[in-house]
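Given next are two forms of a protein chain, the same chain in both, each as structure tokens and marked structure 1 or structure 2.
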Structure 1
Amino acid sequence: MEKAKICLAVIDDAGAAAPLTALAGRLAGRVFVAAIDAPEAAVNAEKAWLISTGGAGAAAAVGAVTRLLEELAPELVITGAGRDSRMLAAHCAAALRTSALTDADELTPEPGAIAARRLVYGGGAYKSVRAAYPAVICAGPSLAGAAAEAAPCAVLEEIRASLPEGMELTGRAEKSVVKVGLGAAKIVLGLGRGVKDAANVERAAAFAARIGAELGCTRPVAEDEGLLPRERYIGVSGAVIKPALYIAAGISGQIQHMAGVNSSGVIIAINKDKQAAIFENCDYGVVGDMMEVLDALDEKLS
């Protein structure tokens, strides 16, 4: 296995720093970090640069990151899978005259290239690809969220954030975001259309709290019905999770949703339709009304 010579990990989320830099160390001989508004991300690297944007956001650091690319000339650039990480990966790829490879869940260095496996078709299949250096990779959740040790960098330098030539920041507006812990949750209770109304959501939330579960949902529950915030939507264009236990309550099991949960350790499905697709993709299935089943479980636990 022939490693890349240099890898730059561009990190805008301190929580992903340890796994991303550990991954970089497995793929390259020398690892450097560009930490955006996250001094805690300066780990597992020969040197780290802290880019403080003053609250302007990751886009304001693009110019500084692309200058680091010119200085280091890395064969490999790694980012996480979040929205800002993907934006940064796109700019890095443009600067290196290549394209970014997203949602990678397996990476193997080869002579002059990186071999990767990634999800395609809404999470219904895997595709094996080979990207010649220089390569830009957005690590999927299974890589970006893996447990890893974090050794602080001995060398940390602060540099000014800057936009690339031709780009101007004209304004910034705060977005109301509900902070959720789906990515780190060991147990997740997912709610589908079977939840029906806000009163049932409250009952399900109480059950989730009893078992120490984070509450998630399908896209229709968040976007069509508005019963839960968008941040709790699990699926191919929402959160991708890998809890030890996932309870799918009132969820039909469409491929777009299963793409977000197929790395779960154990999946328990509850659905009153015995023909629901979810029963083909679970470890245990219960045919029944989701609220009746959750209430029965809650009674047993109490």
Structure 2
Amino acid sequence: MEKAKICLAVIDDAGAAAPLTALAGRLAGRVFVAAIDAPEAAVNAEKAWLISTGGAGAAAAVGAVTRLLEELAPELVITGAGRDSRMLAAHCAAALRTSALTDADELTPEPGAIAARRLVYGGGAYKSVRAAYPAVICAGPSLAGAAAEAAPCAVLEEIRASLPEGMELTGRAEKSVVKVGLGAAKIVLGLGRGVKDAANVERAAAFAARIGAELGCTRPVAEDEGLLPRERYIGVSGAVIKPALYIAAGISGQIQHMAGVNSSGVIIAINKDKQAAIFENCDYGVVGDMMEVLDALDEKLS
């Protein structure tokens, strides 16, 4: 395997730091990290730059990162999967006169280039893509969420960054960030539209807690119905999970959702519609009302 010479990992999410820097180490001989408002991201690298934006957010770090690109002339840049990560990737790509490979996984170095796979058409197809060096990779959720060791960096340098010229931060409001452990969960209970209302979500959540399962959902349950926070939805545009057991309740089984769960150990689906697509893509299928099944199960366990 032909490695790239230098990789700069641009990390704005501490959680993705270990997997992405470890990945960088597999793809390149020398790894450097630009850690944006995330000092914890200074891992698995020769040197890390701790970029602090004073609350202005990742947009303020663009200038500092671009200067690092000039200084290091990396063949490879790796960023995370979040919205700001993608924005950073776009700027790195513009600076290096290329296009970023977004939502990438299965990265394979080739002489002078890197090949990757990405999901397109809302999860309906994979594209294999190749980019010549210098290349920018925006890691997909499966790479950014992988488990990895983290060895702290010995060499650190701090950079204070501010928004680019012509821009000013005039206010800020925090929102409580929901920490969701979907990536590491052994058992996940996924709720689809079949859950119907908030009262049922609550009952399902109580059941999940009883069996030590993390609660997940489909996109419409989060985005359209607002029954669970966005951080909990699973699929191509949400979390990609690999639990030992996935219980899909009231989920029709569209490919965009299934792409996020198909690495699960065992998938069991509960759906009242015998024709539901999910029954084509699970290990066990239970035809029935999801709340009835969950309640009966709950009763057995109590």
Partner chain sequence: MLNILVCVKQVPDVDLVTMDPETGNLVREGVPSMLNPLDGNALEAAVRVKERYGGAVTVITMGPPAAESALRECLAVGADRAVLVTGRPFGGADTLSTSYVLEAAARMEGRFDLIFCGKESLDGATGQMGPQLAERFGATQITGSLLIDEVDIERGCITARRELEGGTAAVEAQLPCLLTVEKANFPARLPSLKGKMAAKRAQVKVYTENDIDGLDPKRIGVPGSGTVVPEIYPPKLPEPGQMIDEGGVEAGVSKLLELLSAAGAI
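Between two forms, the rigid core is the largest collection of C-alphas that superpose within 1.5 Å. Counting starts at 1 with the first residue of structure 1 and goes up one by one along its sequence. Remember, predicted model here, so these are calculated numbers, not experimental data.
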item	value
Index of the chain form predicted alone, chosen from the pair	1
Threshold 2 Å Cα movement between structure 1 and structure 2 for R232, core superposed	yes
Rigid core superposition, A58 Cα moves 2 angstroms or more between structure 1 and structure 2	no
Rigid core superposed: N271 CA moves 2 Å or more between structure 1 and structure 2	no
Cα displacement of E168 between structure 1 and structure 2, core-superposed (Å)	5.3
After superposing on the core, C-alpha shift for A244 between structure 1 and structure 2 in angstrom	2.7
